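As a starting point, one isolated chain is supplied in C-alpha cells, in the form predicted alone.
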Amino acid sequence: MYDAAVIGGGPAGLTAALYLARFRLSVFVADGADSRASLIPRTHNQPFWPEGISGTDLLERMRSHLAKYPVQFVRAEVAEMRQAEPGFELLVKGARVHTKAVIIATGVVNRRPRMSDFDHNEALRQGLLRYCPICDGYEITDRTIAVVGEGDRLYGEAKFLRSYTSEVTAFSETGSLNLSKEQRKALGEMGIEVLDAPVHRYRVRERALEVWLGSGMRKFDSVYAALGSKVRSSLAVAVGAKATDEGCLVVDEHQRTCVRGLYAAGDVVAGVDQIGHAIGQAAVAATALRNDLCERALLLR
C-alpha cells in the first residue's frame, strides 16, 4: 500500500512525485514514457534556461533529481484504475498496485498533420513544424508561417501568431476551413491569407516546409498545427471524475477532482498547456494530497 501514486512521467508527474517524496510519503510512479515534452527539440520558454533546453534533456534532469529519493518508478502505462478503500487499485504490467491517493498527470496527445513519422519528426527537429505558439512564437518573428486547422481553433491561432509576423497563411488539410463570414473578414483585415485548397502533401526541406495545396506548392519557414489534441483522461473519468466536453478534468483550486483522493495536474486539466504551469499545478496537487491524507489520519506511522 503506497501513500500516493502518480500516473504520468512528464513535467507535471515528475514534479508531483518529487514533492510527495520530500513530504516523506511512499510514492509509486507509472511513466508510459511518451510525454509530449519529449518532442520539444529545444525550448527557450522554460524559466530559466537562457541557452534553451531540449524536452528530453529536461525530463532526464527531472528523473535524475527524483532518483535521489526512494520512489518506486515503473516505465509502464496504467491499464486500469478502480476505487478500493482506502484509495485506489491500479493495474500495471499485470500487477495490482494499491495506493491511498492518485495524481493523474497523463497529459494530451497532439493531433498531427498527415505526415509520415520521419517527416513529422524531422520537421519538428528543424522547427519547420510547431504546435505551441505560446512556447515558441518568439522564434518565428518576421518569418513566413502557416497555420493548419479548422474553425475556431484555426481562427484563434492565426490571430495570435499575426502579432509576431505579417506573413501568415491559414488553410485546412481538407480544404474546409469552417470559418464564419465574420472570421474570414477579420483575418483578411489583419492581412492573413486564407486558402481553401486541400493539402495533398508535405515535404521537409532544410530551411522550409513545402506544402502542396490544390494545384500549387507553397513554402513556409514554419507551419503551426492547430488541430487540437486528445486528452488522456479516461482513467479518471472511469472512476467518476468530471471532465469538460473536450475531455479535460475538472478540478478545484487545489487540483482535486470530484473523486475523493484523486487529483490532476498538467495538460490533462483545462488551462495553459505550458511546462511552467504544469509544474505549479503539480506542486499544488501534491501538497493538497498530503494535507488531505493527514486530515483522514492516513499518514500516521
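Worth saying up front: this structure is predicted, and the values here are computed from it rather than measured. Note that residue numbering begins at 1 and tracks the sequence as displayed.
There is another form of the same protein, the form predicted together with a small molecule; it is not shown, and what comes next is about it.
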property: is_contact(residue 240, the small molecule) in the model of the complex, heavy atom dist at most 4.5 Å; result: no
property: Heavy atom of residue 286 within 4.5 Å of the small molecule in the model of the complex; result: no
property: Partner proximity in the model of the complex: residue 27 to the small molecule, non-hydrogen atom cutoff 4.5 Å; result: no
property: Contact test in the model of the complex: residue 4 vs the small molecule, heavy atoms, 4.5 Å; result: no
property: Option from 227-235, 191-199, 161-169, 210-218 whose residues, in the model of the complex, bring a heavy atom within 4.5 Å of the small molecule; result: 227-235
